[in-house]
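Heads up, the chain below is alone and in the form predicted on its own; it's given as structure tokens.
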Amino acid sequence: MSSQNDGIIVILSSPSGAGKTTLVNLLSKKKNFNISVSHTTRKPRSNEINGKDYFFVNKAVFEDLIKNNKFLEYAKVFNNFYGTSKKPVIDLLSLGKNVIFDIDWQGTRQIKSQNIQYKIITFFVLPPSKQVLFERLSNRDMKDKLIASERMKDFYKDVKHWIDYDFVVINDDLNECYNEISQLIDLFLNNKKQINYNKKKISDHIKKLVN
């Protein structure tokens, strides 16, 4: 059983381009949460730093970590592997540090299925519209619009998993979205059993996104 002095796990997931990484960085900065830095086999983007954004490794190293049961979770996303090292996360939680994750629905499912002793709160981040999502993807450090189009195809697969999360938020205005997540985390930390949450609004928004 976890104690009141243990940290909590906060998970943010989203379709690619919905803004979860920016939100994770804001939560880390403003609430002093520790970001779980994942290993990945993908190549770094131009603005990414090894050891800060990700631990960039080759496939052989990643497979060795899997073999030695070093990951709390791992998944294959867009032909690349991503995984969270177990020991650093558990060490932080046991010291009372809250740890925030920027992972997809596959990783979230794995962590939840392990029945680990620490409290977990999960968020699924949605874009305000498909058009905004496509613009965000197109503005990334990408070669062409084709990659953004491929990401949009996966959007329809990813968005189905919103129902598995504690809360779903719409990232239309970054500050408003941050404040909503921050308030929900505070209520969770204060052991509020019933948290007001407009599920119908989210359900209606999902319908607009997928139609």
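Keep in mind it's a predicted model, so treat the numbers as computed, not measured. The numbering used is simple: start at 1 and walk along the sequence shown.
There is also a form predicted together with a small molecule; it is not shown, and the following applies to it.
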Which of 115 to 123, 128 to 136, 92 to 100, 79 to 87 lines the interface with the small molecule in the model of the complex (heavy atom within 4.5 Å): 79 to 87
Position in contact with the small molecule when the complex is considered in the model of the complex, options K153, K30, K160, R45, heavy atoms within 4.5 Å: R45
With the partner left out of view, is Y178 within 4.5 angstroms of the small molecule in the model of the complex by any non-hydrogen atom? no
4.5 Å heavy atom contact, N171 and the small molecule in the model of the complex: no
Residue-level question: is F167 within 4.5 Å of the small molecule in the model of the complex, judged on heavy atoms? no
Just to confirm, S38 within 4.5 Å of the small molecule in the model of the complex by heavy atoms? yes
